[in-house]
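Single chain ahead, by itself, as structure tokens, in the form predicted on its own.
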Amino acid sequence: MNNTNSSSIAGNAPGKPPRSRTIERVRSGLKKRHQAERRFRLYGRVAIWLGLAFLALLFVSIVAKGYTAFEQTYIRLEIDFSADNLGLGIQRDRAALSRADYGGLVKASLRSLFPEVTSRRDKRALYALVSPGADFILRNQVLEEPNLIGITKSLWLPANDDVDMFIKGHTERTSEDSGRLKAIQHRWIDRLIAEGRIEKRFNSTFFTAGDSRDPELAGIRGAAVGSFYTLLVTVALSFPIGVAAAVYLEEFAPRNRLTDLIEVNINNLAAVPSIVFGLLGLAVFLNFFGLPRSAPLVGGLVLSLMTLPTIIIAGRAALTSVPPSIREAALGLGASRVQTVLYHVLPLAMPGMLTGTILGMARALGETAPLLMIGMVAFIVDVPSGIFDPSTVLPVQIYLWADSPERGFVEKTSAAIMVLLLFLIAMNSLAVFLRKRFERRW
């Protein structure tokens, strides 16, 4: 009997015993799983490095195109502020000084440098070396210092966009007159360089001026101030409303179908395309209420509607993270529900709420589509002084410059993108700092 059982067992396993084969299968399967895990980690690392490489390529491309915008080419001219050149009569009041011929001062200075230029065509080419904005620069100086009249002063005036692009190396010298600059203008530029009358300086105009049709005169101050006023209206409306809505829905609202419907709609609104909010603002705030078009007030109202769902969701998540023991302890000591929320729960959840608010403001700062729908795409030269003045914002300003044909606006576009990215990075860094500094782990 025992021999029969032994032979039958040996017949079922003529080679290795069953346990050995099972262990080999487990080991071979374990080896494959480890290989698959290593491949998965490798794929993840490759994906991360590819993403970082494309991001670095994007930043390098933006910086390479935009860093030259922080410099501007200037031409030194001897300006004779005589009354005859200005076309002034007996009157020397502010109105008369504002109407004076400041363009004639620039032309007279250029003619004195190049007396051999006599034909009308060559004179127009000579005058085109200097920016048209030089007239306004001289006008402002005379209005600020009327004692300049009657004296000659050496001033550095901005060069024209074509000259600026040539000095920066963005355009090449051509032997023919097919380029933006003619051959004779290249000879004049070489002469000015040899005399030390052309140099590149820090472009403070880019940060202190508003928009302009001339690239060498365009700046981001108007758009930056418009963005500030728009975000000010946005945070003033969305933060208190968002926090109040989050507190009510999480702490006081009854659990029924109505609140469930509200929660579903809030989550859905967070994923709605931003241009839909622009259409809503166009229909309600402009057409129905008649608010001023292209004003930071309307832009802030539209962006408030867009950021409210994000703030409410972040606020509810912050309130949920507060342990129930905090509420139970406060209620056990005799505090009411309102006192428990205001003095115990809300202070502990506020860092998370602030983080969500800052992230929502960062998203609002980079939005363009809803603001285009309410008219903030208009050409605005003056810097806004309030929330009711016509203005634009940085993303819309970038959009306008990117659509301009002049070569000078290419570097202005990239430089404005760099400034916008710095603001976004600063806001996200602030959100991370607040979360790390004040957030409590339970």
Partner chain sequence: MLKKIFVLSTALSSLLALGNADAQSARDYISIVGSSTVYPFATVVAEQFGKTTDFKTPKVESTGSGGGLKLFCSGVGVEHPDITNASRRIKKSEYDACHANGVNEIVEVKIGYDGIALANSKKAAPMALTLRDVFLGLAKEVPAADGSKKLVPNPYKTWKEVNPDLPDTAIEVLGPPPTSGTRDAFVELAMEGGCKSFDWIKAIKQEDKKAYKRICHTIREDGAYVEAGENDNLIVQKLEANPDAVGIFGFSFLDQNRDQIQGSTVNGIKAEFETIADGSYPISRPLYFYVKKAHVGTIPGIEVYLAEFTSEKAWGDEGYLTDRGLIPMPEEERAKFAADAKALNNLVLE
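Positions refer to the first chain, counted from 1. What you are looking at is a predicted structure, and each value in this text was computed from that prediction instead of being measured.
One more form of this protein exists, namely the form predicted in complex with the partner chain; it is left out here, but the text below deals with it.
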Item to complete: Determine whether any heavy atom of I79 comes within 4.5 Å of a heavy atom of the partner chain in the predicted complex, and answer yes or no.
Response: no
Discussion item. My question is simply whether G290 lines the interface with the partner chain in the predicted complex - judged by any non-hydrogen atom within 4.5 Å.
Written reply: yes
Worksheet item: Hey, in the predicted complex, is F239 touching the partner chain, heavy atoms inside 4.5 Å?
Response: yes
Worksheet item: Would E172 count as a contact of the partner chain in the predicted complex, using a 4.5 angstroms cut-off between non-hydrogen atoms?
Response: yes
Worksheet item: Of these, A330, I167, L110, M350, which has a heavy atom no more than 4.5 Å from the partner chain in the predicted complex?
Response: M350
Discussion item. To verify the annotation, which of these, V284, L342, A369, I149, has a non-hydrogen atom within 4.5 Å of the partner chain in the predicted complex?
Written reply: L342
Worksheet item: Can we say L217, L232 and P390 each have a non-hydrogen atom within 4.5 Å of the partner chain in the predicted complex?
Response: yes
Practice prompt. Tell me, please, which stretch of 253-261, 271-279, 361-369, 134-142 lies within 4.5 angstroms of the partner chain in the predicted complex when heavy atoms are compared?
Written response: 134-142
Item to complete: Output the sequence-ordered list of residues from 97-124 with at least one heavy atom within 4.5 Å of the partner chain in the predicted complex.
Response: R120, R124
